Ligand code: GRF
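Here you get one chain, nothing else, as structure tokens; it is the form predicted alone.
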Amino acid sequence: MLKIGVLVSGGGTNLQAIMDAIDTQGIPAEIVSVVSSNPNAYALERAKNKGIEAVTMRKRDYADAKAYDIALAEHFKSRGVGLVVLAGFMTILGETFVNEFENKIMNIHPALIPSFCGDGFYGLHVHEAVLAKGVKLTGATVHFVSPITDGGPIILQKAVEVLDDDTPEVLQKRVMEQAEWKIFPEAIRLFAEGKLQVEGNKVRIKK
């Protein structure tokens, strides 16, 4: 059984989607710890409601970024975590942490990488940029995390239509419902079943 550690900072809608999928879709995994960079994140309540360990670890409480990375890594390793999931985590992870869990950290980005990604593209900013550009399709991407922001190997993508009367908030909600909440649990299932093989910067899905 794959043990998952989840990093959060906000409401935890993707965390909820993953917990629900584990319960209903037979994903051979369990979330053993949810760590938030924000003590007031509602995601912590979602974890507690499921009986999952919920703790706060803030970067500012550590001597420097490397010390924070080491503490996070030790926290998850001590719980036997085999996959770290970023579900709306707004703190930058350094190379120390990323290297400890190479190709074992998943993130979801609310656009079709390599469009609208990289430094500064997060949350509503992504959807604002999509609408400003006037593209007709957006979506979501699940990828492994590398030291380059949004630059790791792509696992799954799903497109979502952009409508003429969209606002950033409306588009954000539709991307979550039609793409994020579907492909994030699916990517975790594929990982848990040993079906993801990383080759360079590409991911091959085994049949």
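Note that residue numbering begins at 1 and tracks the sequence as displayed. From a predicted model like this one, the values you see are computed outputs, not experimental measurements.
The same protein has a further form, the form predicted in complex with this ligand, not shown here; the description that follows concerns it.
The closest non-hydrogen atom of Met176 lies within 4.5 Å of this ligand in the predicted complex. By the criterion of a heavy atom within 4.5 Å, Ile108 is counted among the residues contacting this ligand in the predicted complex. Among heavy atoms of Gly10, some come within 4.5 Å of this ligand in the predicted complex. Proximity of Ala87 to this ligand in the predicted complex falls within the 4.5 Å heavy atom cutoff. With the partner left out here, this ligand still marks one of 87-95, 112-120, 130-138, 71-79 in the predicted complex; by a 4.5 Å heavy atom cut-off that stretch is 87-95.
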